[in-house]
Ligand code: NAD
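Presented below, as structure tokens, is a lone chain in the form predicted on its own.
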Amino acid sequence: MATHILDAMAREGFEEILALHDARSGLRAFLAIHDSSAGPAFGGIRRWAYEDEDHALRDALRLARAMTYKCALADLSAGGAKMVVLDRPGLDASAAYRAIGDLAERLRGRWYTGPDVGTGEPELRSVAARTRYATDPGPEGPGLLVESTVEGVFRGLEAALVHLDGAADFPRRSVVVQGLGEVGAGLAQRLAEQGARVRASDLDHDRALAVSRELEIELVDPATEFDQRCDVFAPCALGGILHDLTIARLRCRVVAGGANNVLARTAHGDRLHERGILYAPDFVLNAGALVRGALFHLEGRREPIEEIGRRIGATTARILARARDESMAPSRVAIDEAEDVLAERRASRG
């Protein structure tokens, strides 16, 4: 990967990739800035035990490009970026996040950052202590980021059901939620409150038991989650989970969830379409926290959660309608629309 990185950047429209090393903390990380044609690049910090540096860099590229698509389809004056941190033994996390904050400050607002997998409130406090360009998890920040994501995913899922049957009709629906982290648990709660039959899975057995007892929902074995007959399969864990083998096992009508980069490859959106499974593109549904954070940083306001959900639901409905009218996979339509927006922005910039 490293030997062909410039070719990959040119092919996919990346502007810059920074490799960050801090000997004092043991930090090794990549920052990928995909696009800043309309404004600063937004993207959180993902900390993960990657197999090697190539896997980490690939993840940064995929996630940064998805962030650009989110911004384009949400009509934000911003672009996409992502930092990935290699989580290794001996890493001094607090010091590492302070070093990341120093980098953000040196970039002077070209990159705004926030939470992601492995980066929560304690880590963000370390970053925000060193830069103006990080989401403050305290009362001075945008707040309600998880709630914004949950609302967007819920409204996008709702739009998918309305697209199929003319009504969401939650009391008649069954939904399997994969992953019971903050977003997955929040989505499960919203669905249960609407009367849906919710089943869920999580690799963390203790967390799964605690959430299932609190929400009074049924648990399924993670080994069988793809095989469950249901109306909606809602992936809310890590990405890359839909590929040839798992798509063949699905017994749902809709895939709509909060995880990033659910498709292992773009072609797997076509596979879902061929199987007659409606896929609501993840980078449309899970943009709620981005919308809330970007508007706070760019315009100094906290967008109401209900408005965020309305925007995401409307965008989802539009994309699904065009996909039906043009007999295309919704994932292809969403990418086409995002690329059209980017082309216009770059052309106007000259």
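Computed from a prediction, not measured in an experiment: that's the story for all the values here. Numbers for residues come from their place in the sequence shown, where the first is 1.
This next part talks about the form predicted in complex with nicotinamide-adenine-dinucleotide (NAD), which is not shown.
Chemist: Choose one stretch from 120-128, 265-273, 179-187, 165-173: the one whose residues place a heavy atom within 4.5 angstroms of nicotinamide-adenine-dinucleotide (NAD) in the model of the complex.
Modeler: Every other range fails; the passing one is 179-187.
Chemist: Is there a heavy atom of residue 286 no more than 4.5 Å from a heavy atom of nicotinamide-adenine-dinucleotide (NAD) in the model of the complex?
Modeler: Yes, residue 286 is a contact residue.
Chemist: Just checking whether residue 292 would be counted as a contact of nicotinamide-adenine-dinucleotide (NAD) in the model of the complex - the rule being heavy atoms within 4.5 angstroms.
Modeler: No - in the model of the complex, heavy atoms of residue 292 and nicotinamide-adenine-dinucleotide (NAD) never come within 4.5 Å of each other.
Chemist: Looking in the model of the complex, any heavy atom of residue 135 within 4.5 Å of nicotinamide-adenine-dinucleotide (NAD)?
Modeler: No, no contact at 4.5 Å.
Chemist: Does residue 237 reach nicotinamide-adenine-dinucleotide (NAD) in the model of the complex if we count a contact as any heavy atom within 4.5 Å?
Modeler: Yes.
Chemist: Does each of 46, 116 and 146 have at least one heavy atom within 4.5 Å of nicotinamide-adenine-dinucleotide (NAD) in the model of the complex?
Modeler: Spot residues vs nicotinamide-adenine-dinucleotide (NAD): full contact, yes.
Chemist: With nicotinamide-adenine-dinucleotide (NAD) left out of view, choose which of 212, 228, 246, 201 has a non-hydrogen atom within 4.5 angstroms of it in the model of the complex.
Modeler: Selected residue: 201.
Chemist: Exactly one residue in 106, 251, 207, 88 has a non-hydrogen atom within 4.5 Å of nicotinamide-adenine-dinucleotide (NAD) in the model of the complex; which is it?
Modeler: Comparing distances to nicotinamide-adenine-dinucleotide (NAD) in the model of the complex, the residue within 4.5 Å is 207.
Chemist: Could you run down 299-332 and flag each residue that has a heavy atom within 4.5 Å of nicotinamide-adenine-dinucleotide (NAD) in the model of the complex?
Modeler: Sequence-ordered list is empty.
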